[in-house]
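Below, in structure tokens: the form predicted alone, a single chain.
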Amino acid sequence: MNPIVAKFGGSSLADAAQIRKVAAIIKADSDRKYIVVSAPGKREDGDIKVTDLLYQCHFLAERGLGFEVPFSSIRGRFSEIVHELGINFDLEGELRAIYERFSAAPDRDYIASRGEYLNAKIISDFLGFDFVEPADNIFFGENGRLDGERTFAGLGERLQDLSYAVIPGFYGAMPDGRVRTFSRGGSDITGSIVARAVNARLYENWTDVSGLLSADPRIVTNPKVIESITYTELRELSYMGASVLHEDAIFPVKTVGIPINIRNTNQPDELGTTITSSLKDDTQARTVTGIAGRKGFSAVIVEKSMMNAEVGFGAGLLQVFAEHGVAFEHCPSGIDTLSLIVNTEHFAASKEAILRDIWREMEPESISVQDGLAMIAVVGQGMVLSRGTAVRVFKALADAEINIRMIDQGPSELNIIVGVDEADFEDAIRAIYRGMESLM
């Protein structure tokens, strides 16, 4: 039978007590053969994640300042874990090697990856599993992107002869051997890569929530747990801010149809959320799957008479943004207007140059920029079969006296996206949830 790959997040591995919970979960099913781990997360409110302490070390070292204080905190966290687990692990030897290498060359990706590295070494020792080094088995190309073909083949070959193994998440290596990290939360991607490499029958992602929620619980009180969801729906929700799983973790398993199961380390008996290519027949009646959103957007609005008759106008406008390395999020348009919704932070760095180039290249009649936008997505595979969903979204916002600044819906009808003022963001989420709850 094909194995299960289980990834455990930082909150699941924050201290020795949590690691013991994880060990019990692993041992409860002998098919959980390949374990991917994050660095220790927060133990309580106000605590600092080990990865954030490592970034503090890099910040100080890069400026020629001593980083002994945050490094001492890291030593304390891992010393406590090793002591309470009761294992004979050479932590000081590992820390000394890391300190010396980082003192000589303060490489950001290398130091950021050491939380996962040390945690995996400790947990593999505690479980009696083999340790597998990602820098020897997960490969990036010269362009900094994952070399999937080489990684899946090589990692699969490395793991096939190991009955049980622990793999640090979050990093691999460049062609010259330098450590390369994924973006924050990238241990999810490592878990997905391992699942693909060993042709797992299931990829379990263990965290501190009992599955994916239909809305942000910090905004909506007791939102529903989504029992099942498609890869495509999850991709939409993850991109718009639902952060239980890294959005890029979907791709390696989606192509081969390996399901993902999001579970709660602290409540292991709960079934969580299952992510698959398609929904079962008994869930097809669900119209809306979830609601998610993000702040921090700007609208760049370009007006020009007879724009619709000017061949290549849209392509030229997009080219201006591309030349400055700024991607667009959405592109609502009218006959004589074209708007690009962009990330405000990314846009700000090149704002004046972009506007100058638009005036020169496109010769518009006017350009305006509207900041302070929030984007909210209502996502559901069932919306294509249900009439009036958009009307209910707009009515919910109208009843809450919230002005809609932008509307966008793709041809697949998988989602409806609305733009509102950032000041209205939380109220808008709550209003839409109330209006959609009966369709979930």
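The numbering used is simple: start at 1 and walk along the sequence shown. All figures in this text were calculated on a predicted structure; none of them were measured in a lab.
Just so you know, the form predicted together with a small molecule exists too; it's not on screen, but the next bit is about it.
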Assert contact residue (the small molecule, in the model of the complex, non-hydrogen atom within 4.5 Å, options Gly186, Gly314, Gly148, Gly241) equals Gly186
Exactly one residue in His58, Arg392, Lys49, Lys33 has a non-hydrogen atom within 4.5 Å of the small molecule in the model of the complex; which is it?
Lys49
Considering only heavy atoms, tell me if Phe297 and the small molecule come within 4.5 Å of each other in the model of the complex.
no
Looking at the partner-bound form in the model of the complex, is Phe170 within 4.5 Å of the small molecule by any heavy atom?
yes
Heavy atom to heavy atom, is Val378 within 4.5 Å of the small molecule in the model of the complex?
no
Among 37 to 45, 370 to 378, 65 to 73, 395 to 403, the region lying within 4.5 Å of the small molecule in the model of the complex by heavy atom distance:
37 to 45
